[in-house]
Ligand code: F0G
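Next up: just one chain, as structure tokens, the form predicted on its own.
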Amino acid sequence: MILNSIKQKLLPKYKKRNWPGLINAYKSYLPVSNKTPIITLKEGNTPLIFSENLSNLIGNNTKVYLKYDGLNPTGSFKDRGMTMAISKAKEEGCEAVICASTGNTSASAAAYASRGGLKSFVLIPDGYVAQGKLAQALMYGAEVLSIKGNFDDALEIVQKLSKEYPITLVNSVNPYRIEGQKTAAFEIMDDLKTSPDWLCIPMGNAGNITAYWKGFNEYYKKNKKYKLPKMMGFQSSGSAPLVDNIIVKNPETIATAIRIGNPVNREKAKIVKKESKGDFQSVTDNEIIDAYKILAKEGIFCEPASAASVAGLIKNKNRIKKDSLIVCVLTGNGLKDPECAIKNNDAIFQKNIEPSLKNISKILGY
């Protein structure tokens, strides 16, 4: 009996197979009530993976962990915010939602809207959405409008539409998105039983870095054993409005998920940087691809934008203090953008081979 009691105390609050979705798991931290219809695909509870290779690369007894949010239901961190945004839209009697997207938001919005019985509309920049993401939005039933412009043009239009018509905007300007996304910080602290010294994270519209900081602060206020990490935000050098403190009219980067020239959460992100004593930096597309390949060698396939966090960590190798604990956020799954993987790998891919045992064994070196 005593042994069973000890075992129960040591078990996590939710076993993986019984995970109730992040709203139910962290209800006391979220603006929901018993009247809120919870629209969930059991998002959250994504793995925090220790990276031996990156820890050794950084050295100085540093421990590097990867928060792999690409294992959410639609393959990106957007599901964390979307379960909240769609649940609250449903509670408020909304019948349709809209978003501008470089891909991940559209996939997530369409999936959760479909789950909740709502209509979804998506505006995307023509030619700049990875095929994996577009396929998701279409399959989930969204009405997709591809515009002759970039993400910022699309966002401006959907913001105006949501103000003039009975349709709910579910981009990260929606405060419920931030509320859902902050739960990733809770999970990191629950897993580590402490806080990281640095959190490295890609930045596009800067909603996620804002959400993480909110989450860290809320846990810290309830339990002072935690500390607040430095928030290290990274953008591609071809799309770095927060790093350079400008509006980038024609952003260009291989990391399409962060190809945003005028982030709507700019001012909030600046506050995060100041309060956390963190830093915003740019990394090149080549540095992103190098990090993308390093992660793949550890068996982790993320989309290019996710690798910006690891590229940034590597760039700051000499700034990291001894015995540091670092978490890099991987925001999306590599299957979102298979074309990038096919074009950027070091694998051997031999074609048009005669299918004989003798021929194949010779090629294999036997």
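From 1 onward, residues are counted along the sequence shown. Computed from a predicted structure; not experimentally measured.
From this point on, the text means the form predicted in complex with the named molecule, which you will not see here.
Here the chain stands alone, but in the predicted complex its contact with the named molecule, taken as any heavy atom within 4.5 Å, falls in 302 to 310 among 302 to 310, 56 to 64, 40 to 48, 315 to 323. Checked against the named molecule in the predicted complex, the residues Met231, Ala130, Ile188, Ala206 give one hit for a heavy atom within 4.5 Å, which is Ala206. Listed residues Leu199, Ile258, Ala184, Ile98 were compared with the named molecule in the predicted complex; Ile258 is the one with a heavy atom within 4.5 Å. Gly81 falls outside the set of residues with a heavy atom inside 4.5 Å of the named molecule in the predicted complex. Using a 4.5 angstroms limit between non-hydrogen atoms, Ser87 is distant from the named molecule in the predicted complex.
The named molecule in the predicted complex is approached by Thr102, whose closest heavy atom lies within 4.5 angstroms of it. Though the partner is left out of this view, Phe151 does reach within 4.5 Å of the named molecule in the predicted complex, counting heavy atoms only.
Contacts between 307 to 334 and the named molecule, taken as any heavy atom within 4.5 Å in the predicted complex, involve Thr331, Gly332.
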